[in-house]
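Consider the single chain below, provided in structure tokens and representing the form predicted on its own.
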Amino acid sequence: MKALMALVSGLLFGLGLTISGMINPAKVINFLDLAGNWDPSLAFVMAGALAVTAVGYRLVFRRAAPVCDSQFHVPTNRVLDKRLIGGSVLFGIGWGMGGFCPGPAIAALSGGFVPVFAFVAAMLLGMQLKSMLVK
């Protein structure tokens, strides 16, 4: 049941990314280009996501445990250290250069475009290198 819920959640997330245009790197890059051809539509996507998340967290955490698990798995580290800030900066640079972040890139694989496969391959390679170098 846990795996089925993860699959359904992932498919729903991918569908939302597709409908919102987040899998289109040109749309993302135009959103990030404040001085050029700025497209503010993704700000509405983010505002909608924040609103749903705020309500969802309030409802979910009223429960003693999740529906398909014995406990909630939430981050406990609240320290802003060099690794977190550096990783965030690197993530933002990659998102701005490629127009993808991991979720939309995986959702965009369904389109079959070669650049998306190259991006996901590079992303997976980077994840593997990180796991080998940083313990």
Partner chain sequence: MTEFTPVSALLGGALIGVSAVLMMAMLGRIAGISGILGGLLAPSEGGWGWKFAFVAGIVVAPLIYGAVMGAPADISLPHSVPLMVIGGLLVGFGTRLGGGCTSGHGVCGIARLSPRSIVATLVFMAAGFVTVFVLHHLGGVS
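As the structure is a prediction and not an experimental result, all values here were calculated from the model. Positions refer to the first chain, counted from 1.
There is also a form predicted together with its partner chain; it is not shown, and the following applies to it.
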item: Non-hydrogen atom contact Arg78 with its partner chain in the model of the complex at 4.5 angstroms; value: yes
item: Its partner chain contact at Ala54 in the model of the complex, heavy atom, 4.5 Å; value: yes
item: Exercise: Ala35 in contact with its partner chain in the model of the complex, heavy atom 4.5 Å; value: yes
item: Contact flag, Ala64 vs its partner chain in the model of the complex, heavy atom cut 4.5 Å; value: no
item: Residues within 4.5 Å of its partner chain in the model of the complex, restricted to 1-26 and counted by heavy atom; value: Lys2, Ala3, Met5, Ala6, Leu7, Val8, Ser9, Gly10, Leu11, Leu12, Phe13, Gly14, Leu15, Gly16, Leu17, Thr18, Ile19, Ser20, Ile23, Asn24, Pro25, Ala26
